[in-house]
Ligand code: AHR
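Shown here is one chain on its own, the form predicted alone, set out as structure tokens.
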Amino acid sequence: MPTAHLTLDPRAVVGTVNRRLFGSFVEHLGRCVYDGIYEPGHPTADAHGFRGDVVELVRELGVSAIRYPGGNFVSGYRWEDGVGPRDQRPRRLDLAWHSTETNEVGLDEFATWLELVGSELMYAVNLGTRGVLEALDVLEYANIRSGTRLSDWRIANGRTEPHRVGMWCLGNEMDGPWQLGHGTADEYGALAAKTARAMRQVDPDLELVVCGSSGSAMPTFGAWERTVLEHSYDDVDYISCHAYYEPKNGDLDSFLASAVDMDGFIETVVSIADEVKAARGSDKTINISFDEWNVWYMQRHLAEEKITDVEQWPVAPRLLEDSYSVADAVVFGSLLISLLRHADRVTSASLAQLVNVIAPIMTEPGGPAWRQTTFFPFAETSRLATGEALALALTSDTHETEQYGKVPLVDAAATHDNGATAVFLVNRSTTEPAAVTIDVAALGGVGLVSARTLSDSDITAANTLGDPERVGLADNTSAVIADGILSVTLPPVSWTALSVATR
């Protein structure tokens, strides 16, 4: 049986866990908005047309901040189309996803929905086909109380109070050739800096996110970050990272070790940002907004679902609707471990996406909503991971993977908050349980509050419309504390959350 040992010390602090680490992402893509959060004819719909069953699940998920309205969608979006009387809003072509956008839901409606679920708005501006002026316009509409044409227009549209959006993304994936308005790092960096400076003339306290690479495999990765930050370092607060993972050529061992790649991605971007900081002699630190991350079977979807017919622009087509397995959820949980491990620099993150589209929540039009397997690690981590992320003294047996070489079979992260400590564990072995011992002596006298594991004898098992509760968390009865040691056995391909508290 593989073994691992770790030591918890509340003095060994990585950084404070920012609640924005448990953010998500709603894009006008497929059925994320329409049939997802918004379905006026649904039995649970409220007066605004929002599905009540989805609202309840989003609350349970514990999402803190939600990035909106894109994504690739935003680079062709005209925000004005989505405000004002619905019967006067235009239908537009969405070139990003080859669909028709009805504009039934826009900024005001989405802000209303966020109030229902208790989340913060993180708004992305269009720097693909638009620019500085439009960014200033949407900022004025959203955040100025009254007395100007755009703020008074918001009031006339029924929103007396400003939206008070504090965090803004300056475009989306502008390094990608697929992006409307794609340009060079110099072109984008200069535009982002101009936009940031203009927005700060309205409100100097805004938190602004500049686009980093859309993936670490991009040929411009590294050089893009450096050039963009050389233009914008003084004007922004965050640089974005995006990463999606899927098994390749049936290589399950490498897939289960995906967090190794995420770790490297984060650490490379941090080093580049700090290099630019040092070269400028700046005392300001740029943090990371990991504002797109997930398991996504991208190659399958791009091959099977891409709409290209110039005569067909469907409304809310079924796109990117992955059904997630136990193995997917374990990888997903390990990515959360990576984010926690870097809580000192990753202070915002957005699970992409929230409903139907590569999402933890699925819906059927007129029917039920249900939790995917990935719902459980996110909800449990969001609930338990508070206070400070801890630096762990972790030793583990290892094994070889094709993509990442030798990796630990057990990975872990932990948080500590005023006597309450949470530990998150993954067993990457596909065949054997792992015996883990955790030295908790430095925490004082603690007792076990909960031990819950996601695993299954069938790692391909998933929750579906026909069987929505096939997979879930189960109590791990192997967890015990004796003589300052917490012992637990982790099943193969499993994710576990432990909670202990001072007695």
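In case it trips you up, residue 1 is the first one in the sequence shown, and so on. Remember, it's a predicted structure, so these values are computed and weren't measured experimentally.
Although not depicted, the form predicted together with alpha-L-arabinofuranose is the subject of the following passage.
Though the partner is left out of this view, Y244 does reach within 4.5 Å of alpha-L-arabinofuranose in the predicted bound form, counting heavy atoms only. Contact check for L392: no non-hydrogen atom falls within 4.5 Å of alpha-L-arabinofuranose in the predicted bound form.
Although the partner is absent here, I37 lies well away from alpha-L-arabinofuranose in the predicted bound form, with no heavy atom inside 4.5 Å. Among residues of the shown chain, I358 is one whose heavy atoms approach alpha-L-arabinofuranose to within 4.5 Å in the predicted bound form. Between 111-119, 69-77, 322-330, 232-240, the stretch whose residues reach within 4.5 angstroms of alpha-L-arabinofuranose in the predicted bound form through a non-hydrogen atom is 69-77.
When you look in the predicted bound form, the only residue of F424, W97, Y123, F376 with a non-hydrogen atom within 4.5 Å of alpha-L-arabinofuranose is W97. For the options A434, V58, I438, L29, the one in contact with alpha-L-arabinofuranose in the predicted bound form, meaning a heavy atom within 4.5 Å, is L29. The three residues E173, W296 and Q353 all sit with a heavy atom within 4.5 Å of alpha-L-arabinofuranose in the predicted bound form. Residue W178 is the only one in 174-196 with at least one heavy atom within 4.5 Å of alpha-L-arabinofuranose in the predicted bound form.
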